[in-house]
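One chain comes next, on its own, written as structure tokens: the form predicted on its own.
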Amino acid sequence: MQPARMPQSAVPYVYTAIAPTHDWLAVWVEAKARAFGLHQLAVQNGEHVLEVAVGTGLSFPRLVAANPDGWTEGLDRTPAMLRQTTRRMQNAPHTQFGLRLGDAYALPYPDNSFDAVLNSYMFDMLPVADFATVLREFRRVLKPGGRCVCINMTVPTHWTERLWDTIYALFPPLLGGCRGITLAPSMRKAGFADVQRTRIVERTFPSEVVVGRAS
């Protein structure tokens, strides 16, 4: 696993720059993993659901559509990404949702607020030393028994997948600062139970979907 090479202070600037074109690559190589992650989250109508690092809202409309009588909250640290999600949701048939600026390191919600938390392609930007801090925040805002699904770029296991880590090594912003990681051990250390990991490769891009339950 490569160390994080893009400083956290650079994240808002990089994602402001790539916000208009972010979805081109994401739709091409992340669609299968995102769809499987949503299936694993299994949102039930009437729940309180949080997506941390909502980004441009690629998954958010499906979360909201599955939960018309509940509440779905989307949070991101980059205003430009939130603006993309806001535009995406302008004509949504359901209105039981909110979008908020905030930081995954200190989620602006009380303890035991949500039934489910979704996070996509964020931990692969963070230093490994910070994984547990952020995961404990996820666990804090989840109700007992609540579900957490994290989708990440993961470490390559075949030569065809190594191109992506090579791109990261040469210039991290080209991949939005993401590199291959393995999150399941940190999720267990943070106190999640029943942790399961599924690996999904789409057009040589390796992703993982990691599922855990707040105990």
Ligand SMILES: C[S@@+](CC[C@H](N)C(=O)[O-])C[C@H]1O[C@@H](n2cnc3c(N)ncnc32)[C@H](O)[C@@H]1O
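The first residue of the shown sequence is 1; numbering continues from there. It should be emphasised that the depicted structure is a prediction, and the values quoted were computed from it without experimental measurement.
Only in words, not in the display: the form predicted together with this ligand, which the text now covers.
J.: Any chance V141 has a heavy atom within 4.5 Å of this ligand in the predicted bound form?
T.: No, V141 stays farther than 4.5 Å from this ligand in the predicted bound form.
J.: How about Q2: is it within 4.5 Å of this ligand in the predicted bound form, going by heavy atoms?
T.: No, Q2 sits far enough from this ligand in the predicted bound form that none of its heavy atoms falls within 4.5 Å.
J.: Is Q84 one of the residues lying within 4.5 Å of this ligand in the predicted bound form, judged by heavy atom distances?
T.: Because no heavy atom of Q84 falls inside 4.5 Å of this ligand in the predicted bound form, the answer is no.
J.: So in the predicted bound form, does any heavy atom of Q8 sit within 4.5 Å of this ligand?
T.: Looking in the predicted bound form, residue contacts with this ligand include Q8, since a heavy atom lies within 4.5 Å.
J.: Determine which one of 36 to 44, 53 to 61, 161 to 169, 179 to 187 lies within 4.5 Å of this ligand in the predicted bound form, judging by heavy atom distances; exactly one does.
T.: It is the stretch 53 to 61.
J.: Does any residue in 122 to 137 get within 4.5 Å of this ligand in the predicted bound form, counting heavy atoms only, and if so which ones?
T.: Heavy-atom contacts to this ligand in the predicted bound form: M122, M125.
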